[in-house]
Ligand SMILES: NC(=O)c1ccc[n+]([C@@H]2O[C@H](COP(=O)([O-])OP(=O)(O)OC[C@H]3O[C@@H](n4cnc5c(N)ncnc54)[C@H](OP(=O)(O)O)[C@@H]3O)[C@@H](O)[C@H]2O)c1
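Below sits a lone chain in structure tokens, taken as the form predicted alone.
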Amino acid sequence: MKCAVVGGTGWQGAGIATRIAKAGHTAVIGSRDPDRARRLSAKLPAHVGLDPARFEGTGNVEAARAGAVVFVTVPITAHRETLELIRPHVEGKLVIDVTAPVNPKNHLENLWPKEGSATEEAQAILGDDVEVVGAFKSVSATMLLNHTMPPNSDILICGDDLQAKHRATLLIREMGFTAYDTGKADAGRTIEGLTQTLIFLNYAYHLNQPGIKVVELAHGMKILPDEKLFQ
């Protein structure tokens, strides 16, 4: 299967492309500058140790047209413009929106769209005929690129279409991660905010590419909640 990575010539796009190839699919890397995309698709396979045949480079429109699944990995400042550009080419497709609202000029600031989150903005622009799922919002590009390492992150997903989330979950599993459905598209307002939080933790505590993992309390605990305590 061909998966487009629209705006894929940044670090996050390169990481997503790596994971697509790792899953055995072909990553069609798109860019406003097709030559830049072709250069990355030529260099990335050797950098991450994967089959060069799994990578292609082209323009954003051509990538969106070619991909059965379309990942959007642009900065929030280019998000709306890019979605409007690819809208005619993604009808009936699964679009996985990776964009977080972090200001590219100040990583400790969020630029929230009027819809509430990047995921909601994507759904509003692309329309009801496109299945939009927000995912990969809080996993570092470094973790994505290091595809042979056990992941330090789970993938929190959101979206209004349950079937689309099921399809995204299966693909995310192939890409080496566990996905958790966090609710409808408006849950993006929570999970997209985690990106800036993780960046702050990296800056403030010098944590090495921190991630989010979903864990449960171990079985066998001796002290349990009991309403009698408050009577």
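Just so it is clear, the model here is predicted, and its values are computed rather than measured. Position 1 is the first residue in the sequence shown; the rest follow in order.
The same protein also has a form predicted in complex with the ligand, omitted here; what follows describes it.
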*Using a 4.5 Å heavy atom cut-off, indicate which stretch of 122-130, 67-75, 152-160, 88-96 touches the ligand in the model of the complex.*
67-75
*Can all three of Trp11, Arg36 and Lys137 be found with a heavy atom no more than 4.5 Å from the ligand in the model of the complex?*
yes
_Using a 4.5 angstroms cut-off on non-hydrogen atoms, would Arg32 count as touching the ligand in the model of the complex?_
yes
*Ser117, heavy atom within 4.5 angstroms of the ligand in the model of the complex*: no
*Evaluate Leu145 for contact with the ligand in the model of the complex, applying a 4.5 angstroms cut-off between non-hydrogen atoms, and reply yes or no.*
no
*Indicate whether Glu81 is a 4.5 Å heavy atom neighbour of the ligand in the model of the complex.*
yes
*Out of 178-201, which residues reach within 4.5 Å of the ligand in the model of the complex, heavy atoms considered?*
Thr195
